[in-house]
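Two forms of a single protein chain come next, each set out by itself as structure tokens; they are called structure 1 and structure 2.
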Structure 1
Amino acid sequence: MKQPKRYLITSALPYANGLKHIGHLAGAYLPADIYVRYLKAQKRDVVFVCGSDEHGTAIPIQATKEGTTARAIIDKYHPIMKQNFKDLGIDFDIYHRTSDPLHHETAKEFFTKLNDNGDLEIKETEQYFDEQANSFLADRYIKGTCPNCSYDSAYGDQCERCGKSLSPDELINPVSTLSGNKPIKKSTKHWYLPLNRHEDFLRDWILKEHANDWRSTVVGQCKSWIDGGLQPRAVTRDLDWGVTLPESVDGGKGKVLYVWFDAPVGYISATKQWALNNDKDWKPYWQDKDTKLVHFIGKDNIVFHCIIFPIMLKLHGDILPDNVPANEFMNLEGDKMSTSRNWKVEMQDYVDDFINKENGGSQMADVLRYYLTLIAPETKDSEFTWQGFQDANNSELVSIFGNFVNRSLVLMHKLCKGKVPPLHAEALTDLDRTVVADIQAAKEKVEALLEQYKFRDALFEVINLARTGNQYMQKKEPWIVVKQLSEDGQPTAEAQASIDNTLHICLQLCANLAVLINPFLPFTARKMCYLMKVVDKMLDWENAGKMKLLSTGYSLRPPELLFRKIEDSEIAEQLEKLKAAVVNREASVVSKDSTMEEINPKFADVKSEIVFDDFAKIDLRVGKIISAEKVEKADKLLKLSVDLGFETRTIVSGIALHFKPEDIVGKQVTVVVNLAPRKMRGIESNGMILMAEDANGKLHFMNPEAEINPGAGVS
């Protein structure tokens, strides 16, 4: 197999709207880090880039929720995420950020090149513009009279009464729903990436070339997209947070690049920044065919890294990824990890609870790395349990790996005077030779598995080598052999030779373990070097499989434990914490919202002012839900019957993910009763239920504090 000249490894850019959890770590960061450490140990030319993804609408929205600015949000989360990765041993060559000027420049250049080459489609349209709100109006923000049925409240995209699809231009007497004013026509442009032009390329590249060497989930998902027919995808957006279009681009004012377009370019700008910092040239890493590019991501990101970004790269003249080893998701204690439900263990939590504790230290980072690699969701979703975490540590890391290293060092001090004993070739047994061969074999297995991104299996082989060491020692039992005394009270020459050989091999095996475990557990590997009094350079991969890593006669440090046991109480604590967090989140919702309102009265962008008459147009009533059922073929919709006193109405509401139908029957709700009917999934909805959304995205009914008569007016 031809070896690439250089490697460029990326991990998905974490979105800077909150802290990331250990599921993210296991999916996109840890595997990449293991792979990179392995390549670096081989002295390959490799750059490992990542950074915070800081654009997109969710950041300003998060800012609104936290009562602050978008800038403040990213400045808050970026450094914490960077530090979390460092604490857990994720050793990026650079952790960049997309808010950096260099990134903006790079993304603009990328856009410009594609635009200049005619690879983007521009659709220039006369769109309605609300002068008072100072923004273009999406179709649904425009109302007017339907040309088909003369209904006077038709939306820009569809008439609710006759069901006809419309464009805003067809509406008679259009009105902006933002301000109530008559919008003006203004010319606007948007740029699109015509994915559909590249279907043949994708078919060849993914479904033929990579049908076998990419993971089946990845190929399957791509096939699904390609077969479904690709559509042009808007590259630009009317938004004020993001990478602005280049000045030179006509009609680009007030627009930014859509976040999906700018974020992956972040890999390139990060590489540029790395090159600047290290006085290197970034270009070969993205443009030379001898570079192997690998994207590590979670399965939710497949389409971007396998379909969209490759098209961008191809058009821009860059290399394509060699592989995209997407991981599945990791569940936690029987349920999906979820930020909104607070069912998660953040990297920060782990750092606080295990690494930064008195009995913690960086060794504890390795413990997490070990367990996450062991249960990595490489082919299907997997499950993190604290019990599993404890077991993995106590009965594998401690009992097998740590114990072997410890007993080797202890025995060496007791039976060989604290020095690496010589190897007596004439006294070698078959068993000795077998173990030596096993060490070489282990190296080859680990190597082969890592090249295939099978990290779990590779790690198992390393642990298995430690297990082999334990078995070997058990069979040779030097602590028994030492009792074969000669007349002077010292062990016989044969006995000492056997002991020397055993310990010599065990110690070389320890040194090999350090080399092999290094990509997975870097802190542990370094501690082992310390104990064996060798420099970190011994960890170079070329040393794996060799039997002369430790020189005969060399004295080693007194043994120290590599890992400590994790107590039942610590596990119980974590489980408690997990449950408490869920309860707290639910309890804190009410108080938290109200305090935020007080602190920051300008909680959200307040809509433009309206006169009382405008408000009075809205007819709000109290109603009572008398029945609820799920709408067929729709995940989010519930069909409700609401008693309004004077009549009972059918209302369709998009709340199915938040409430079970049986739980909301009998609830009082506030209803907009004079809203134009609208058909959803074939059911006509006559009104709208008012809901409040809290900072966690959870919905709450707006209802009177005491049960009152249905139909009561609200004002």
Structure 2
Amino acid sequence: MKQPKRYLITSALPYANGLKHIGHLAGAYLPADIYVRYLKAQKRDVVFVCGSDEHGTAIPIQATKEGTTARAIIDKYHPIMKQNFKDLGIDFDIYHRTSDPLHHETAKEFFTKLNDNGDLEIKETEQYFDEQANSFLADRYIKGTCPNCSYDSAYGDQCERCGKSLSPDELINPVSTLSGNKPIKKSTKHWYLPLNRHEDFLRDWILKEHANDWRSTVVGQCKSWIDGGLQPRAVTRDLDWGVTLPESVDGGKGKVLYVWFDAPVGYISATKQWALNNDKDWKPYWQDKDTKLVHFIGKDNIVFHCIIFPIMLKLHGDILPDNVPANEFMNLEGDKMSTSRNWKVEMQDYVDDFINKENGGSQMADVLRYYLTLIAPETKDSEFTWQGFQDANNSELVSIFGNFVNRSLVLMHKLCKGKVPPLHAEALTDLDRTVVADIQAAKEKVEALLEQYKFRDALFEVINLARTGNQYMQKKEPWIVVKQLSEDGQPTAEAQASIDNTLHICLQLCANLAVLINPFLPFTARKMCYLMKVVDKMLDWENAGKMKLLSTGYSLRPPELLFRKIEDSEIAEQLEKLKAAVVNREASVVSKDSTMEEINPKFADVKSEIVFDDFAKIDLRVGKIISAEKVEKADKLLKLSVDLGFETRTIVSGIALHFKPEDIVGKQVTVVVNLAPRKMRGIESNGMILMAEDANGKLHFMNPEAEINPGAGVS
């Protein structure tokens, strides 16, 4: 198969309306980064583009929630997301933004060309209109009762309780979230992309041309859409936030491009900006058929990247995507990740807890990259668990990969004076030759899998090579062979040849591991280069499979551990943090409605019914804090000594961001005293302090109004 002249790789543009979680990272960004790093190691011409999606109703809705402007929201979250990606090793060639003037210009040009060519239709339809606000209502500005589950606060596009996709017309008793009034229907004119005109093209292109090389889940979803009959889709909306229509368009005043049309054009505007930054021509990357375009997305974006955007590209005269390796969803601890329910692990939280602290640094970015790739939802939904994260690190990165590299360097310093020993060809054994063959074969295996976007399987092959190295060293036992001494007290010639060959092969295997692991764990690969005293150029893919990457007699640095063990207390802390986030959300009974001026009480769903005996098992007592101090290397934990009347207990509580230790000494608190002990940061915690969270996220003690003796029961 002919190799493309150049590659353009895209990751779905994330909404700049809030922090993104590790499910997003696993879906569209990490696999793309792995693929791009592999291509660049191959010295191929590749550009990796992404950027913040800063239009659509999600932005002004978030602005209302935070009591600010849409512009302030995107300016707040764009740099945070950009830094999160950088901290986790996602190396975009450009991370652009759709609020940039260059993007507005590009999107308008795209619309104008399709409109002038007669590829769009103009339709007049009736849509919901808020008379008091004097505004047409986007789907997210309409609420009502879900016809599927009877939830009374479903949005016009989706019910957040049952997950069903909706249209505003399906809602029972719809109201405007701008005023709280019942909206009316009012006539408005919009431009539509007639998808139905292109069904034959899509059938040939997707269901025939790409039926065998695209993921079956992607082809299946596309087939379902096409077989169901495609309908014209609105290109414009009546909003005041977004890319406005060109002034030359008759009747376009007060309308903006629909975000689904605007956002994918962001890939093109990002490429233009990259070209300007690097004195390049952007056009070949979008218009030359010798360019391979690959979109990395989650499955919720399949219809946009496989059906709608390709139609737009075809009409505009641009190339079509060669592949769209969409991932399924990643769940969390047995449940679907959800920003609205606070059931998530945000990238920022991981950076704060594992990278910015002095407990692993950038190597901990690689630990997350490793685990997310290991459980990548390539063909079906997968699940992130903190226990699985710990096991992957301790049992594989530490005990297999890191252990092999460390043992090789330790033994080289101990048995070969810190230098790469020679290879004695005449003394090679069948086992030696087998391992050399395994090293050479690993390159082809990993390469073939990466070319097929099978990143999980490719990573397995790299770790398996490290496993082979451990097994080989265990069988050769150079620490035993060194005891075979001659009359002068030194190892015999045969013993020394065996030791040299073993460690020479192990060290060359280490160098190969650095090359092969680089697309997956870039920080680790660079640290291995540092230990081996070689430049990063050794990581070029052409070096994989070679047995002369480290020269005989070359001295290497003393060993350093590549990965640290993750303690049980760290996992317990993350689990408590995850559960506390949900509990705190449910405990908050008053919040601001996202688009109403008045404050309306909102209540979490009532949990499943329990009987009195269940409640009676909980032992609640009044306690008094007699001392408090911060837990070392844990920004959010305080170590409390609590007087319970009958005894004083140590309780570790995640309240350090809300209270200073000196301010809470003497406070009365309500304590769950019969909770099983658990270790956090090496400290055994014996109980739990009950807290409530207000609408602003501030914690408050659930303490008695009057002074009560410690140990008194709470009922």
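Residue positions are counted from 1 along structure 1's sequence. Keep in mind it's a predicted model, so treat the numbers as computed, not measured. We call the rigid core the largest set of C-alpha positions that still match within 1.5 Å between the two forms.
Participant: Two copies of the same chain, shown separately. Which of them is the form predicted on its own?
Facilitator: Between the two, the form predicted on its own is shown as structure 2, not structure 1.
Participant: Superposing on the rigid core, does the Cα of R37 end up 2 Å or more away between structure 1 and structure 2?
Facilitator: Where the cores coincide, R37 shows only a C-alpha shift between structure 1 and structure 2 that is less than 2 Å.
Participant: Aligned on the rigid core, do the two forms place the Cα of T68 2 Å or more apart, comparing between structure 1 and structure 2?
Facilitator: Moves: no, less than 2 Å.
Participant: Taking 2 Å as the cut-off, check whether the CA of G56 shifts that much or more between structure 1 and structure 2 after a rigid core fit.
Facilitator: G56: C-alpha displaced by less than 2 Å between structure 1 and structure 2.
Participant: Look at the Cα of A676 between structure 1 and structure 2 with the rigid core superposed and state its shift in Å.
Facilitator: After core superposition, the C-alpha of A676 moves 56.2 Å between structure 1 and structure 2.
Participant: What is the Cα shift of T188 between structure 1 and structure 2 once the core is superposed, in angstrom?
Facilitator: Its C-alpha shift, to one decimal, is 5.8 Å.
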